[in-house]
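In structure tokens, one chain follows: the form predicted alone.
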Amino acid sequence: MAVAIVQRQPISRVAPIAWLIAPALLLFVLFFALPFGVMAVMSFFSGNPVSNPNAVLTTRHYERFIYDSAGIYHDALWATLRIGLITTVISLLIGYPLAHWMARMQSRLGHALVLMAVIAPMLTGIVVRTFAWMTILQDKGVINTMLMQWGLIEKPLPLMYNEFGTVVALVHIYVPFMVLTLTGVIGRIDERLEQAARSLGAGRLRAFVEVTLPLSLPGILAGSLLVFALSISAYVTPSLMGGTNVLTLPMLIAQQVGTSFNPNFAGALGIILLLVSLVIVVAYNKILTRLSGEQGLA
């Protein structure tokens, strides 16, 4: 009598790492992918297809931006990118020396105190920090009042309601992001590499430029992209510090949603800002990657 042998198929189990990733993936889908998808779909409709059955597919919202005769939307896009680039460069120039100093600090207590000083402004809301800069930079603020009392100026300096005041406030808000990103990368660079370069005859500056700086390019890339993305998407600070003299694309998007009640055009503006920023990010990534490769070959 033949006995049939049934082989049991192994039960597939979900890897533990998948359960750890699932909450973050769910949040990403719910709060980024889904809203972005809805915004992208709305940008190609003449109205809300849910409440308006007569809404049809159209590209007129993108054509409105491209063929802008007054140049308002183009100027807003350029102002947004310009403010983002200037904020990123200044944040990098301020944040890199501070991050390098923190990463090379031998005292744990000193490192902890400096780290607390860097993180402390992040514990205060963006609106509060922006209002603080308004009291400092406005016509009757701290700086102009002191300079006029000392007789150095006769009328207030235009420190606010322009791009200068906007950039100053944004740099103050986003420098900690740059510092924290760079500190982790620079801290993983072996100090003995720079010491070896100096023992071979290189000066302190040349050892830094040819050893530490190329190895810290991943941190520069990550920190710059983070600050740039946050700067071009900022709304509260440009609207308060720039007033009516500074118009950025996030401000235009808010106007289209809250004032003009045109979410379709607002969605098109959001897609355009995202695409332009992605092009800049990819180009910046390729440039730094190429520079890093050339330094490695050298």
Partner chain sequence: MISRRSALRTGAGFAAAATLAAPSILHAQTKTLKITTWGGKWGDIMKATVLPAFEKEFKCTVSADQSFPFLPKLQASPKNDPLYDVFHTNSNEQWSAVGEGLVMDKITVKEVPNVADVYPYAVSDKVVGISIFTSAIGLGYRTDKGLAKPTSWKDLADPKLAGSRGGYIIPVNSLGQCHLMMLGKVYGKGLQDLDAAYKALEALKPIKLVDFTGQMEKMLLSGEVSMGVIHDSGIYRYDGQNQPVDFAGPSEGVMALEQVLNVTPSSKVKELAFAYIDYMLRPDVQKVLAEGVWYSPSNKKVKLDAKYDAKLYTTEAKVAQLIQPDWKWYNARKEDIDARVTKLLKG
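Owing to the predicted nature of the structure, the values given are computational and were not obtained by experimental measurement. Positions refer to the first chain, counted from 1.
The form predicted together with its partner chain is left out here; the points below concern that form.
- With respect to its partner chain in the predicted complex, the three residues T124, V127 and S233 uniformly fall beyond 4.5 angstroms at the level of their nearest heavy atom.
- Although the partner is absent here, Q138 sits close enough that one of its heavy atoms falls within 4.5 Å of its partner chain in the predicted complex.
- In the predicted complex, P250 stays away from its partner chain, with no heavy atom inside 4.5 Å.
- Although the partner is absent here, L57 lies well away from its partner chain in the predicted complex, with no heavy atom inside 4.5 Å.
- A residue is said to contact a partner when one of its heavy atoms sits within 4.5 Å of a partner heavy atom; S46 fails this definition for its partner chain in the predicted complex, lying far away.
- Listed stretches are 108 to 116, 213 to 221, 192 to 200, 69 to 77; the contact stretch with its partner chain in the predicted complex is 69 to 77, by a heavy atom cutoff of 4.5 Å.
- Counting a residue when any of its non-hydrogen atoms is within 4.5 Å of its partner chain in the predicted complex, the hits in 44 to 69 run N48, S51, R64.
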